[in-house]
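Okay, so here's just one chain, in structure tokens, the form predicted on its own.
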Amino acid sequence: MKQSGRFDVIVVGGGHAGIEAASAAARLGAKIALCLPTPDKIGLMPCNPAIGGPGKSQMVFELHALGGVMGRLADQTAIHARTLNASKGPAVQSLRVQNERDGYAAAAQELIAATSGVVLVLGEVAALQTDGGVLRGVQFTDGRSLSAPSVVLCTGTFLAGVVWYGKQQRPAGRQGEAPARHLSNSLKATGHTLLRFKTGTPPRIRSDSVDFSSLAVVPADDPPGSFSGTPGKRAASSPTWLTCTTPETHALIARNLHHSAMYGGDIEGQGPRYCPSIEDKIVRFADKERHLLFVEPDGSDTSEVYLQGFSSSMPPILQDDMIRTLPGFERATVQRYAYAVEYDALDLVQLRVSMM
């Protein structure tokens, strides 16, 4: 097939990992093809627009030390910065930065556009191209192909992705976006072992339907911390808030677990230990009378807040009732419902010492 481009590195996906991969290769002087369906999805933060937190903040600091860009982008678009576990020892302290959701994506897209050597190639990658067991490039669903000796897959939740709202499911990498439909088959054909994972997102609530006077205010640190050493100009501009589940919340969820995609037996993928769904919390920590939930803005000028810690795969009609059992959310209007997403991932035991 006629080749439509030759590069040093092909990066598939424009999320956090794709941005770092393209930027790192560019710093080495490589010519990079950054492949994704649409350029406005670069740097999109569809779940919770925050960087850092326990375990993850250390990774961001390490990326910054290696010349990465996530820390700088996080500081540039921060609206709330806070050091978690500040009253405890330094080993468990972690910086968490709340970001302007749309601002982070805009800053990431501006950075990529200004990075020498990065060429955007729009389309869905369907397959790895090999010759005699040697990687040669990738092929797109429309028949185009690109050649390169290195391909970096940064596919997130898109590999054969399926989103779930209760028992209802449809193919998607995240809400409203098509999954990578064919690449899993190509990975299997080239000798890779895949696992099935799942994760979830929290609901988004209309800000004007929340009684903020019933919530505990969590102020930003003053002065705010930063990943890059330079706090953003608005890093202390917005508070976040706290609410909590109630016995009514727990009872409602327990009665309806059979409607959950995961507990109803529809999702088989493994979930993350560090970010359990609200159904997971009710089942695994049944002795707890309440669970804290963070109420966080999607940005300074958006109409949404999200319930961090309340990810769910319950059907929307039940989510309405669940959310209205929370203090401050008795009259809440859901703008976007929580959902679970199930997707393929590479089995990490296949990694070499080079991390390939």
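Every value quoted in this text rests on a predicted model; they were computed, and no experiment measured them. Residue positions are given as counts along the sequence shown, with the first one as 1.
This protein has a second form, the form predicted together with a small molecule, left out of what is shown; the following refers to that one.
- At least one heavy atom of Gly123 is located within 4.5 Å of the small molecule in the model of the complex.
- With a 4.5 Å cutoff on heavy atoms, Val341 counts as touching the small molecule in the model of the complex.
- When the small molecule is considered in the model of the complex, Thr199 lines it closely, a heavy atom lying within 4.5 Å.
- Put simply, Phe158 is close to the small molecule in the model of the complex: some heavy atom of it is within 4.5 Å.
- Distance criterion of 4.5 Å from any heavy atom to the small molecule in the model of the complex singles out Cys47 from the list Cys47, Ala26, Leu63, Leu318.
- Contact with the small molecule in the model of the complex, judged by any heavy atom within 4.5 Å, is made by just one of Ile267, Ala220, Leu183, Val210: Leu183.
- Annotated contact segment (heavy atom within 4.5 Å of the small molecule in the model of the complex): 123-131, selected among 123-131, 229-237, 100-108, 185-193.
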